[in-house]
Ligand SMILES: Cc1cc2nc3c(=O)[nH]c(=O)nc-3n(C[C@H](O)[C@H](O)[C@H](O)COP(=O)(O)OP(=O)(O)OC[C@H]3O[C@@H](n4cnc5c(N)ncnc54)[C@H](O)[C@@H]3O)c2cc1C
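Before any questions on how it binds or moves, here is one chain, the form predicted alone, in structure tokens.
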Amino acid sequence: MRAVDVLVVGGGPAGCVAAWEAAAAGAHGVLLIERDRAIGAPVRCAEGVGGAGLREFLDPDGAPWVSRRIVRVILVAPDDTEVRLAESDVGYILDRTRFEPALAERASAAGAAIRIGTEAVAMARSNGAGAPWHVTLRGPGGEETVAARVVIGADGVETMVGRWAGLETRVAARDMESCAQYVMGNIAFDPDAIYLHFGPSVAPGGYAWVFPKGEGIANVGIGVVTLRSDGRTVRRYLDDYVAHRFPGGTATGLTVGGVISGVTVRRTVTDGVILAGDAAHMINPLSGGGIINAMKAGRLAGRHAARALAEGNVTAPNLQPYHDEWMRLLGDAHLKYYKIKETVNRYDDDFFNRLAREVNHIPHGKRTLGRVMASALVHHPSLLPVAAQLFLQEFC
């Protein structure tokens, strides 16, 4: 039986950064496994990230894994009224087929071993709290068992590591969005902007998006909370949206899946186990964005795993600082975002249409996200308790 200090399950942003950080922090024997045949593929998201968060890990300037730099956000109301926010360093659209491999290269350079086409199919521990987890792996060479002192579960929203470890990771139906996305060509849009289209008639409980990949090429997608839908499938919502906005476009790729729009699970650790990224529901409930969140969680997971190993104590109480630090970093903010999302989801199309027209009276150069929220608060005070301080301090 092969023994490792850290087994990272999942080669997405959380897993790659966790392996990178654990190895860099001194953990001996770090193994990262990815069940797909390539890290970074298939792509299952819109690939947009904020610039500031990305720069904490890698320099995007001139990087081959950047598809497009974004300097504008355009909000779209149900009646197609557009609100162009003031220009700023918004972020980047990634090429995740190149981005995750770049993260994996950092992990490998730090000393982590990486195996693709390898899946964890079982996990158990027969002894006490300090005993290693025995994880059965299935790969090209058949099955083998690895003894891992710490297992980092970065295996996505349907995490098996969490279930095997006895952590509660189920998602309420009201907090799960069904998503569908086309890669579309031959369409007209501002290639330096992302478009976010709101309203229950467009995407009940979620929103539609256009994220540029290049001139005339973009990820066009939609997220819908099924409990709020009118019976159409998410694919039908997307087809109707594309027919309305881009009738002459050509779809060259389709992605479907689920995105959690809830909050971090209450327990992200147990003896010898840490959950990170989507596996722990570490996703912005308002935007559904999770790439940078996952990377920050992976960084914490790798560092705390290495610390606990160095201290010779990988029990839940000694791993709990990981959870506490995550909550201070982003988890507590996500609780506030969730309350905002629940409030906004009560409004109808007319609310978004009127808000768009009101905001367009603000001079373009002063049209920040904070001012959009301020306008909403003036006319809808019910947003005030959870939104005012958070948004007006962070985005004005």
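Being a predicted model, the structure only gives us computed values, none of them experimental. So that there is no doubt, residue numbering starts at 1 and follows the sequence shown.
The same protein also has a form predicted together with this ligand, omitted here; what follows describes it.
In the model of the complex, none of the heavy atoms of Arg69 sits within 4.5 Å of a heavy atom of this ligand.
Although the partner is absent here, Gly288 is a contact residue: one of its heavy atoms lies within 4.5 angstroms of this ligand in the model of the complex. Proximity of Glu119 to this ligand in the model of the complex: non-hydrogen atoms within 4.5 Å are present.
Contact check for Leu31: every heavy atom lies farther than 4.5 Å from this ligand in the model of the complex.
Residues of just one listed stretch (329-337, 59-67, 43-51, 351-359) have heavy atoms within 4.5 Å of this ligand in the model of the complex: 43-51. Proximity to this ligand in the model of the complex, defined as a heavy atom within 4.5 Å, holds among Ala218, Val269, Val314, Ile283 only for Ile283.
Scanning Leu167, Met184, Val273, Val259 against this ligand in the model of the complex with a 4.5 Å heavy atom cut-off leaves one residue, Val259. Contact with this ligand in the model of the complex holds for all three of Val9, Arg96 and Phe211, each having a heavy atom within 4.5 Å. Residues of 150-168 placing a heavy atom within 4.5 Å of this ligand in the model of the complex, in sequence order: Ala154, Asp155, Gly156.
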